[in-house]
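One chain follows as structure tokens, the form predicted on its own.
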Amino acid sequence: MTAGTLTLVATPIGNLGDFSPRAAEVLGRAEIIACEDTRVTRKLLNLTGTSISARLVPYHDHNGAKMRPWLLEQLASGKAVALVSDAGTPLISDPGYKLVAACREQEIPVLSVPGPSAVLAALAVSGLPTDQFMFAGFLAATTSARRSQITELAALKATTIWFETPSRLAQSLAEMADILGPRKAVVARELTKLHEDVIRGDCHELAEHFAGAKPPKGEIVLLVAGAARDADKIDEATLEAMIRAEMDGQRLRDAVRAVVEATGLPRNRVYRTALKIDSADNADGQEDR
């Protein structure tokens, strides 16, 4: 490990066999190891038999503003610093990117020891398109913020990858079913561990599955297929015609659901157009009277 260099070291997301010899070597030669949780990292080093002489220091969301200047000082003085997260690749949903950005500004070298990643592991086994994907982070804790997150990405054609807690999984899937329609989705749980579980279905099917069971245990990655690749070929006039056909003898809500299922368009777009049609028809009816 080169002095005065920040090295990002990936650690196992479950299976200790995924801890690479290079990761062990780099951590063994580091003078400082910045950890999301020093207890978790020390346990990993003990379980893998990795001998270190480094000083372990915490670096996370709550102390990042205080610790970054100190770590930058150590790097500038020639210390070899490694950065690890509790599990997986650093900078994925942790504050490490701010440290890397600061290093780049100060022309401090940054290297990477690649390895396990829950995001890529889940994508690889999901069966969803992998040519384009977006990691969107953790879903919000509140309903309004969560629905806003989902709506914002509804038109994205790439596979979307989220982290979610077991207690909110069923509710989040129900909201995705409402906003996104019958998109294919995958719930990947406990990846690389003994009880790894990958469940496929559409958002509605998965919402019903998890609503009728106890919240699952363990770390969860939620993947959702992107908007239909040909959805943008449906112009407003065509969409209005489809909605009018479905509204003949059906309630507006049922008509919207039928069009969403047929086209893969975001529910919000279809619903807005249906409301516009309904309002226009009601206005015409009042004028006739």
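Position 1 is the first residue in the sequence shown; the rest follow in order. From a predicted model like this one, the values you see are computed outputs, not experimental measurements.
We do not show the form predicted together with S-adenosylmethionine (SAM), though everything after this point is about it.
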Original post:
Among 124-132, 75-83, 146-154, 160-168, which stretch has residues whose heavy atoms lie within 4.5 Å of S-adenosylmethionine (SAM) in the predicted complex?
Top reply: 160-168
Original post:
Pick from 221, 33, 243, 260: which has a non-hydrogen atom within 4.5 Å of S-adenosylmethionine (SAM) in the predicted complex?
Top reply: 221
Subject >> Residue among 175, 208, 190, 202 with a heavy atom within 4.5 Å of S-adenosylmethionine (SAM) in the predicted complex >> reply: 190
Subject >> Non-hydrogen atom contact residue 13 with S-adenosylmethionine (SAM) in the predicted complex at 4.5 angstroms >> reply: yes
Subject >> Partner proximity in the predicted complex: residue 106 to S-adenosylmethionine (SAM), non-hydrogen atom cutoff 4.5 Å >> reply: no
**OP:** Classify residue 88 as contacting or not contacting S-adenosylmethionine (SAM) in the predicted complex by the rule of any non-hydrogen atom within 4.5 angstroms, answering yes or no.
**Re:** yes
Original post:
For residue 97, is any heavy atom within 4.5 Å of S-adenosylmethionine (SAM) in the predicted complex, or not?
Top reply: no
